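So this first bit is one chain, no partners, the form predicted alone, shown in structure tokens.
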Amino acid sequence: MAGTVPLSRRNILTDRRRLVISVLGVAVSIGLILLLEGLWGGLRVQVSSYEENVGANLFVGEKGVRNFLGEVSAFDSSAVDELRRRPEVKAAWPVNTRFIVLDFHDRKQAAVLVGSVPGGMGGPWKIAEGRPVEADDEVVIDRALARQHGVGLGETFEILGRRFRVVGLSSGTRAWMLGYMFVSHDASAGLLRSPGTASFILVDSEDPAATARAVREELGLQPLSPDTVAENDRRLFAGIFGGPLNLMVIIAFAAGTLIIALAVYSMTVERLREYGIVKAMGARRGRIFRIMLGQTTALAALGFVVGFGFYLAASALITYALPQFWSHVSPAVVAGVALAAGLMGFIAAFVPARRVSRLDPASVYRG
């Protein structure tokens, strides 16, 4: 085994130019995998940002509703008063939500409209600039969405036929390609032509389980925990975007594996005489495979290090140029991609190892 390390190292370092090209090719594949996983992680964080930050420990919706972003819910908002009378309920506030499509400077933009009572629960949880909504003709818009369309404080634009003035820019209120817009509850009721109704009631309860039972049995509505709503929203978007993203990850993995295999195979073919001598000296398939594995895993390791640098640069560039796309990779994802790089090297080792295993040592002496 000790002899396999120098041979593997020497074969890799013989042609430095080919080594650099091979490492860069693997790095592009690794960087792409990390970027796709980062965008996927960012999507999962963003689509559940409302549920995780608004401050409620119970979402009450129309019976059968499971999603905050994916379904239309509308019921009599008088249920708010009934919930507030319960001793364990500290706060209960109605909100209206709806997908809308706006026209910003002749550009279409999908957004999530949220109507909440000024000063109550349900509005933006972080104001980056300006102030929260106080009047029915005011709006707080997601800062990334405002930057994307060149909208600033004090400007006005039209929402469903009615003009609103921007009084605040919120931060962290992005649902991937969608941005949140916050107006007053009365304004949303007028826009949606649904006076006296609510899409959800946000509840802060000292005993969420007891409140949930009362909601089901006495009000006939659907109580959901924030974690349940968030997971349902993530599953909704996973069904839409998960398939294409996973396919691109598989393609990038296959491309990286193929690059490693072809690079080591070409190095091997150029040194078949040396491998023939190794076989003639009694090297078995296991030792030959270890020699190849040393080369392929070295390429994979170098590709991972450079690829991680590519990911950091590409992620920063995308976030700057397209703030609606946010990348987030956890240490577990980085470790998973590192294992995937090792798997690339392991799989790639079979191609050149098979070529050498079929080599007849006598052919070396016949020239």
Partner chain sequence: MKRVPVGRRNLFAERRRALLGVAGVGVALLMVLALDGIFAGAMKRVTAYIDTSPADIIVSQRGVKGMHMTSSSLPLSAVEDIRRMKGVSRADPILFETNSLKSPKARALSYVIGYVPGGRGGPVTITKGRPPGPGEIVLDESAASKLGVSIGSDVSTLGRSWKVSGFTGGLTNIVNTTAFVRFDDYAAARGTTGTASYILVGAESPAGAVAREIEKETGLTALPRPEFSREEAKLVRDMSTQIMQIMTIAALLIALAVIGLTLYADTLARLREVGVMKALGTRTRRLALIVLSQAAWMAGAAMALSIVLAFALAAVMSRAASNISIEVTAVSIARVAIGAGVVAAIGAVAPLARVARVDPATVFRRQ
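Quantities reported herein were computed from a predicted structural model and do not represent experimental measurements. Residue numbers count along the first chain shown, from 1.
Separately, the form predicted together with its partner chain exists; it is not shown, and the next lines address it.
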| item | value |
| --- | --- |
| Candidate stretches 70-78, 118-126, 209-217, 85-93 - the one whose heavy atoms come within 4.5 Å of its partner chain in the predicted complex | 70-78 |
| Joint contact, Arg18, Lys63 and Ala252 to its partner chain in the predicted complex, by non-hydrogen atom at 4.5 Å | yes |
| Contact of Leu343 with its partner chain in the predicted complex (heavy atom, 4.5 Å) | no |
| 4.5 Å heavy atom contact, Ile347 and its partner chain in the predicted complex | no |
| Tyr180 within 4.5 Å of its partner chain in the predicted complex, heavy atoms | no |
| Exercise: Gly152 in contact with its partner chain in the predicted complex, heavy atom 4.5 Å | no |
| In the predicted complex, the residue from Leu32, Val337, Val54, Ala298 that sits within 4.5 Å of its partner chain by heavy atoms | Leu32 |
| Partner-contacting position among Ala230, Ala146, Ile288, Ala263 - heavy atom within 4.5 Å of its partner chain in the predicted complex | Ala263 |
| Residues from 21-43 in contact with its partner chain (non-hydrogen atom within 4.5 Å) in the predicted complex | Ile21, Ser22, Gly25, Val28, Ser29, Leu32, Leu35, Leu36, Leu39 |
